[in-house]
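Okay, so we've got a single protein chain in two different forms coming up as structure tokens, structure 1 first and structure 2 after it.
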Structure 1
Amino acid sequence: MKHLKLGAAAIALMAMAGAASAEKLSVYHWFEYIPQELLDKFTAETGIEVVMDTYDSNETLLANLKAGKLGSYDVAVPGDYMVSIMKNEGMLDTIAEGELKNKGNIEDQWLNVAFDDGRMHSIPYQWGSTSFMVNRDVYGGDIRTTDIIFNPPEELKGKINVLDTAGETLVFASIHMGIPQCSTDRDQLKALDELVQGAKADWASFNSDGAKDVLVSGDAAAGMIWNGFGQKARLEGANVEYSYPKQGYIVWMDNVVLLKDAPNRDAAIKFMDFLLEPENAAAVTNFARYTAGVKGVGALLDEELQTSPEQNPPADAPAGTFVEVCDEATQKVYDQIWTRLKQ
């Protein structure tokens, strides 16, 4: 994991203002997902030092918290389905009514959500989609099909990267097959296992934090990726196109959660309030290239974000699918499929 501390500019501002403080904030965050300048701004405004560790999947976040990291961090940034899991595991603290002065800035569609109704434990961070991109220098055919990943054309075989996360990769396979998530049907589960085991022969890698880099470098000619990360690949010069396949794709909402036993709870609340300010939410969006869940952000965004193909599905694209939380027994079966796939 990377270990990131506030920049020199923030330290200088603190010193000049006489704001040096022992108060800290410990953040557990996705990689390449927040600008350092925004963390420096928070420190300059509050005098709170920010220390950040990063992870590359929701499953890594959960595993590390279970392994003893809970109580070390103040906030984390899990996806929608992982918020439900963490809440059920007793890993989240409750935000009391009135603690967040900027709670009214949350967009209505992201306030009463199934994974955290009324936002008792979290605030919205960014939302987007998960699909795949294809290098158009390698393949010029139709890419609006999940066959690109699970039954690829000859030009792409052995040149495909998939995300190193069971939660999204196996759901994407289920979308391809047209079967429900969390299926308990033995024939469907067997077919899902056979699909991914067979497709693995055409995959070059399992890589989440490098999903952009392998497309930019040409090490992969196609790969699963999040839409904002994919836009970064295109802006870095890769001749890649993001797909909204007709079978479907994944949508997600990442959220900042208040962790149980947060060592710096007051600092965590201040940070969550800070991220609910439109200017600061827009800074994350302009950096990460996704979409914010905060009111008043639109006018503050880079113009290209309004028209980018990664953020604007075709008119005939189906609605996206959120990852569901399976019951414990069913999840064990999916875990076994994933373990076998990674061997």
Structure 2
Amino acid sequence: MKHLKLGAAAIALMAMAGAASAEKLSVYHWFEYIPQELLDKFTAETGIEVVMDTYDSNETLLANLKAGKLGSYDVAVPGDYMVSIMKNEGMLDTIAEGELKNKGNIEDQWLNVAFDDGRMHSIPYQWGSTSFMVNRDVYGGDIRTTDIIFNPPEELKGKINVLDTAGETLVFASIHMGIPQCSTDRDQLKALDELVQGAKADWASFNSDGAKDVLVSGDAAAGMIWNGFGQKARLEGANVEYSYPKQGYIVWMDNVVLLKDAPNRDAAIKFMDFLLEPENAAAVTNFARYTAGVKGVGALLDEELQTSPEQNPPADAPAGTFVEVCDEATQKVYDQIWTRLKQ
């Protein structure tokens, strides 16, 4: 059945390639993450027709590429840690030096990143942070500390929502404790296990897709959340404030990668250059409400985004931490901690 489908797809592709000499670009992207007008603009400027499929998680992207889709797409938009994983799986093509005209537009801080040193395979798309918000009607004290989640003040006990993803919640706990991610130190891991087990008594729920709703409805008075999502909670009328804790917070970045065996490699490079134009990067940010990693975008953003407390950390905020990719044996311990937490 699968072979039949692949065969049919191959024939269809060949037929299309033969019939239309017009250039094409095949994009595999997150849902609702790029405005259609921007794709139209790309087609108008270059004459390249864009075909897009969408996915809803990094894991789905990986699974589908692994299951035989590699070679049918030109570019995809994995998150930071997924870039590492895909690179290690040999799914990414290398962008030669000088191939990208607009590479100089990448902000310096995003040029040499741990998941893709020197940007050999990827360019920044959007980045944001994962931290938490607090309802200011309930708690008026200092919120720039991870104690809010892991050692909460009396007012917030039993009214805290945490993200239902082992990755982000356990990394956030590690930041709170000041221990490295992917630790193999047994005392640190035991302490982490004890910390989350103890903190759970003060947590009301584990919820990711509802992270905004529980804050807006008042079910949670404090909750872990992504900054863009959190901004929406505030704009929907909740008196909530986003925190950039002194101990640190998580940052993540989605990146446009050049896939291995891309059928339209030239078009893919043109698309990446297109997305590195400040004007186009700003258009994505105005749509997605996170932050572009491209120089010269600032002035082109909606006023709200230029000043919003979610997207603009205070001057004394520490740098954020990326989620790291652990090896299998280490990951197993973290998985174990998570299962014990939710037993």
Partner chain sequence: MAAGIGGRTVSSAFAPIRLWLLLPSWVVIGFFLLIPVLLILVYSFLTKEFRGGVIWDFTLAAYDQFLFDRGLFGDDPPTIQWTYITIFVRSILQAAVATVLCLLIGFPTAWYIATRAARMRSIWLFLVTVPYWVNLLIRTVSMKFLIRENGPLNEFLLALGIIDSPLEIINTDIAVQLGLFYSYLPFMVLPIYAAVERYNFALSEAGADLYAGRWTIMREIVLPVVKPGIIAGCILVFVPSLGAFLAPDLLGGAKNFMIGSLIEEQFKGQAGNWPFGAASSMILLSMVLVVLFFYARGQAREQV
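Just so we're on the same page, residue numbers count up from 1 along structure 1's sequence. Given the structure is predicted, the values throughout are model-derived calculations rather than measurements.
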Shown alone, the chain in the form predicted together with the partner chain appears as structure 2
State whether the rigid part containing Q247 also contains M133, for the motion between structure 1 and structure 2.
yes
Degrees of turn, smaller rigid part against larger, between structure 1 and structure 2?
29
